[in-house]
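What follows is one chain in structure tokens, specifically the form predicted on its own.
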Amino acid sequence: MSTTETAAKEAAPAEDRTKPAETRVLTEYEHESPLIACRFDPRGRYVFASAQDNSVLRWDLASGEKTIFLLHDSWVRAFGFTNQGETLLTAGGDGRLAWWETAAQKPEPSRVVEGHHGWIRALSVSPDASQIATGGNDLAVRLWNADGGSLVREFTGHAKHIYSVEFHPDDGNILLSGDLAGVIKQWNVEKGEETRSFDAAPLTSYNGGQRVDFGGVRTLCFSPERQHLAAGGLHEASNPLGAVHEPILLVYNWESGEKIQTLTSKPKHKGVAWRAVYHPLGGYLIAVSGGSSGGYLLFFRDAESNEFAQFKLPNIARDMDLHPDAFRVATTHYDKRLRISALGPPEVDQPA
């Protein structure tokens, strides 16, 4: 069980903290450059973000103090945590994977690995935090020892750039990776073998006029009971370079591998489903959409093809994360702000 799921089950009353219709912005943090990715640390003390000036930012949620982490020569697109949240991992477009002390007052990387040739687009930490998986533009998924940083194994077979990697939350021997071509591969970690694949072709397209492959599996997540796997990205890309496309999520039955749902936004927002997470208590899927229509949090229930609620964010959104308390949601924005929103009504006290 993940840290978020454990913390959420301990929080009460659950019903007061899972009301998407009453979502509201609580706090805004500012930087000097547009923001990209974001994650809360597993203990819920900080929120991290990456920026287009190649920096990583840490905001203390109690004080609002900002600390800057400098190393990467390109955008950081992926975060992870090991050592019970005391170690931060960053992975960037420069191909480097770095280890940091999460709470350091003067951050310096404790280890840096030249992980990939070209961009690292995705990172996932195994359930026991002993291994780190990364994927990127060199078509490889690589497995690293979390303590020493040594390369454990490499998985090959993708024909296009790898956009997402995700360990099964309960089984560190199961790893998923999704690519630009709309292919999701499942790997046996110990043997280094592909065991099956999921067809996510609706998430990708080729535009002959612009001569671009566009889309890809931008996000992967498991439902709390592990019965479903969701994959997200974009579709209806009639003009990719003009940002004319719409967010979409595909839901699979985990046991059979069959696609059982296609989730789209009812008002036909123009954007990308950059990330999706299942709420551990609320019984719904949260996705963040960002694009030419602006930024939205979209909320989906089982057996419903369109969102049952949405929250329009003040600016184009590029990533999202759910706090371990399952009450607060972080979103990063092109307007150089990170916003913390709440899922419950105003009368519910913000958790400490």
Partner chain sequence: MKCSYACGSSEHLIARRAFLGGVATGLGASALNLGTLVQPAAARNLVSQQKRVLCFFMSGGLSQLESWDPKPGADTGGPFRAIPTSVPGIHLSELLPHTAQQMHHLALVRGLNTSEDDHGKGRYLMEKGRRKMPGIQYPHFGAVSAKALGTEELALPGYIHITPGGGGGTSNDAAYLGPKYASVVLGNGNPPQNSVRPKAVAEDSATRRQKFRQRVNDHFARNRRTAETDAYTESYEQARRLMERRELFDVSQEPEKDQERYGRHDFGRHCLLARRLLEADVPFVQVSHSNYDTHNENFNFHLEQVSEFDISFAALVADLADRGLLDHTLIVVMSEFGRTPRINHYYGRDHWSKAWSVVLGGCGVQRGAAVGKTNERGTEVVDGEVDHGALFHTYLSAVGLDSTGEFDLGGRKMPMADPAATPITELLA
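Numbering follows the first chain given and starts at 1. Keep in mind it's a predicted model, so treat the numbers as computed, not measured.
Not on display, but discussed next: the form predicted together with the partner chain.
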None of V112, V152, A243, A104 but one has a heavy atom within 4.5 Å of the partner chain in the predicted bound form; the exception is A243
None of L61, L297, I316, L322 but one has a heavy atom within 4.5 Å of the partner chain in the predicted bound form; the exception is I316
Review point. Do heavy atoms from each of T27, T87 and S341 fall within 4.5 Å of the partner chain in the predicted bound form?
Key: no
Only one of 63-71, 41-49, 300-308, 287-295 has residues with a heavy atom within 4.5 Å of the partner chain in the predicted bound form, and that stretch is 287-295
Do V212 and the partner chain come within 4.5 Å of each other in the predicted bound form, heavy atoms counted?
yes
Indicate whether G80 is a 4.5 Å heavy atom neighbour of the partner chain in the predicted bound form. no
_When the contact criterion is heavy atoms within 4.5 Å, does H161 count as touching the partner chain in the predicted bound form?_
yes
Considering only heavy atoms, tell me if K259 and the partner chain come within 4.5 Å of each other in the predicted bound form. no
In sequence order, the residues of 319-341 that place a heavy atom within 4.5 Å of the partner chain in the predicted bound form are Y334
